[in-house]
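Before any questions on binding or motion, here is one chain by itself as structure tokens, the form predicted alone.
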């Protein structure tokens, strides 16, 4: 099991109680979560301002990915070594966010295209996202 103290130490970040609390919650959740849901799950263990500060600290050391839902809610998820590059499915009915890995051939073609765009526009692309929007099937336990 991954240890929050070790993660912080490995990234040469001071080990504080709020960082441990937030990091352990994210390690336990193991999936994308909105900041509001995370705050609710933490049940007043950290103040909202502290949560945002810790999330920024985790982004600064490149172990937290932040993105927005179609409803413009901020979503975060840990990105550790054992967490490969992936994209997301968004359900417009239940709000579910599902991690999805694309085929290696697709990712390789996408990376080639990104390199071509970098050269064409003399631009350095630091990240990319592919988000798929739709609805869960009738078998979804989260949908009404």
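All figures in this text were calculated on a predicted structure; none of them were measured in a lab. Numbering follows the first chain given and starts at 1.
If you look for the form predicted in complex with the DNA, you will not find it shown, but the lines that follow are about it.
Taking 16, 19 and 49 as a possible spot, do all three reach the DNA in the model of the complex with a heavy atom inside 4.5 Å? Per the other structure, all of 16, 19 and 49 touch the DNA.
Flag residue 45 as yes or no: does it have a non-hydrogen atom within 4.5 angstroms of any non-hydrogen atom of the DNA in the model of the complex? Yes, residue 45 is a contact residue.
Check whether residue 92 has any heavy atom within 4.5 Å of a heavy atom of the DNA in the model of the complex, and answer yes or no. Flag for residue 92 set to no.
Answer yes if any heavy atom of residue 33 is within 4.5 Å of a heavy atom of the DNA in the model of the complex; otherwise answer no. So residue 33 does not count as contacting the DNA.
State yes or no: in the model of the complex, is some non-hydrogen atom of residue 41 no more than 4.5 angstroms from a non-hydrogen atom of the DNA? The answer is no: residue 41 has no heavy atom within 4.5 Å of the DNA.
For the chain seen here without its partner, which of 23-31, 113-121, 52-60, 99-107 has a heavy atom within 4.5 Å of the DNA in the model of the complex? Looking at the other structure, the answer is 52-60.
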